[in-house]
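Quick setup: one chain, the form predicted alone, written in structure tokens, and binding and motion questions come after.
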């Protein structure tokens, strides 16, 4: 009997520690320089939360040559059928994918590659139980989407390209899966046609950054500083864990992008 697929049930995660070079990471708006010691503290706390959620966490060493490499989700997509190595859209991040492919291969993953053309950031991929949504953005283009879709359709998934809101870095900056029927989203994304099959919880005005929450088994991780969103999710019946990710946020990062989550070694 086939095991049901739930896009928020995980057993393992891979993370990469921030390096000293992380302070030079990409950012759309300069809101100040991250403090590397505080970043390390927040990252360590993040790992502990993943472990409390029931995950076995593999912590990779920093990649000083790649300041944004702490945001591991952009380099790969892990699914029960295998792991797709993505092509990050920022030129300075191109080498991250090869490094992640090597690390995941050593952990027993069956590696699949998209091909030499196009780009896809993992932050633009929202895996739901119904469909895999891929946001077209400054970091993900149609050529990359088409290459990724070819692999995923071969594995039996429904895959749909969607539009990322203007001025939003990644599709998942504005949305998250809460369960098989429910999406968390910003007001600018809640009416998207791709969410028509779902119930949508809308984050309060002024708390748009909290849409990048992440459901991990029984917990929903919510960034600190957004009490309205935490209360909204809690009232809906979910177990909320609030986490400080202020240093990652200075680099346009958040809760979902700092880990690759999956259901065991697969291939």
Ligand code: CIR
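Numbering follows the first chain given and starts at 1. Given the structure is predicted, the values throughout are model-derived calculations rather than measurements.
One more form of this protein should be noted, the form predicted in complex with this ligand, which is absent from this view; the next part is about it.
Non-hydrogen atom within 4.5 Å of this ligand in the model of the complex for each of 74, 252 and 257: Affirmative, all three are within 4.5 Å.
Proximity to this ligand in the model of the complex, single hit among 169, 148, 78, 185 (heavy atom within 4.5 Å): Answer to the contact question: 169.
Contact residue in the model of the complex, from 36, 26, 49, 240 (heavy atom within 4.5 Å of this ligand): Among 36, 26, 49, 240, a heavy atom within 4.5 Å of this ligand in the model of the complex occurs only for 26.
Partner-facing stretch of 65 to 73, 41 to 49, 198 to 206, 224 to 232, counted where any non-hydrogen atom is within 4.5 angstroms of this ligand in the model of the complex: Going by heavy atoms within 4.5 Å, the stretch is 65 to 73.
Proximity of residue 109 to this ligand in the model of the complex, heavy atoms at 4.5 Å: So residue 109 does not count as contacting this ligand.
Contact label in the model of the complex: residue 135 to this ligand, heavy atom within 4.5 Å: The answer is no: residue 135 has no heavy atom within 4.5 Å of this ligand.
Contact label in the model of the complex: residue 93 to this ligand, heavy atom within 4.5 Å: Yes.
This ligand contact at residue 87 in the model of the complex, heavy atom, 4.5 Å: Close contact is absent here: in the model of the complex, residue 87 is far from this ligand, nothing within 4.5 Å, heavy atoms only.
Interface residues of 117 to 150 toward this ligand, as seen in the model of the complex [heavy atoms, 4.5 Å]: Residues within 4.5 Å: 123, 139.
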